[in-house]
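One chain comes next, on its own, written out as structure tokens in the form predicted on its own.
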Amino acid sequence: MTNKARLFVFSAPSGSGKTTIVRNILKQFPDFVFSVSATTRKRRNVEKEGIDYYFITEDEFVKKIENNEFAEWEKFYDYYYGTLKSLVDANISKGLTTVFEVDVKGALSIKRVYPFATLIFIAPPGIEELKERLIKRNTESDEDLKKRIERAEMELGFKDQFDYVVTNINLEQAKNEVKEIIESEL
């Protein structure tokens, strides 16, 4: 690790408040940069290249996997997603603190490549509460909701491998707890 660069890696089941907490951290610490993932999924109209994702073809992605260019990668719902080592390494060399929002397996992969990374798991108060949050969001079909709950149960099984676990019972309290963790690590 060079100079003051730090890596803060966030993971959580869908509906745990991870994205809201990550956005808050990026506001609280304006010098931090967000790690933009690469994906093979088609760009949506509102998305911008290099801001939301780096959009690449499946052939390009597979070639990058073969060349060991990813710190982590995963295939979700027929599309690849991954974090390019070259982008992380560039941030480290510039002394920039990078914030990641990835799935649990991706977080553990990043820790293997960058052992100094700090892993923060955002946990829901419980599966029933998580289910209620997902239902209230009203963004998933019944089938997708079932898949997300099953995935959440799997992800919760990895939380003990993280450096910190923040249970999001109250969003403001969880935001403050994460801010305190980051300040203690800096």
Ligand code: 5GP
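Since we're looking at a predicted model, the values are computed, not measured. Counting begins at 1, following the sequence as shown.
Form predicted in complex with this ligand: not shown, discussed below.
Colleague: Among 24-32, 123-131, 37-45, 157-165, which stretch sits within 4.5 Å of this ligand in the predicted bound form, heavy atoms only?
Modeller: After filtering at 4.5 Å, what remains is 37-45.
Colleague: Please check if Y81 has a heavy atom lying within 4.5 Å of any heavy atom of this ligand in the predicted bound form.
Modeller: Yes - in the predicted bound form, heavy atoms of Y81 and this ligand come within 4.5 Å of each other.
Colleague: Even though this ligand is not shown here, does F116 get within 4.5 Å of it in the predicted bound form, heavy atoms only?
Modeller: Contact with this ligand, no.
Colleague: Even though the partner isn't displayed, in the predicted bound form is R148 close enough to this ligand, meaning a heavy atom within 4.5 Å?
Modeller: Judged by the heavy-atom cut-off of 4.5 Å, R148 is in contact with this ligand in the predicted bound form.
Colleague: Evaluate Y53 for contact with this ligand in the predicted bound form, applying a 4.5 angstroms cut-off between non-hydrogen atoms, and reply yes or no.
Modeller: Residue-level check for Y53: yes, a contact with this ligand.
Colleague: Pull the contact list for 163-182: residues with a heavy atom within 4.5 Å of this ligand in the predicted bound form, in sequence order.
Modeller: Residues within 4.5 Å: none.
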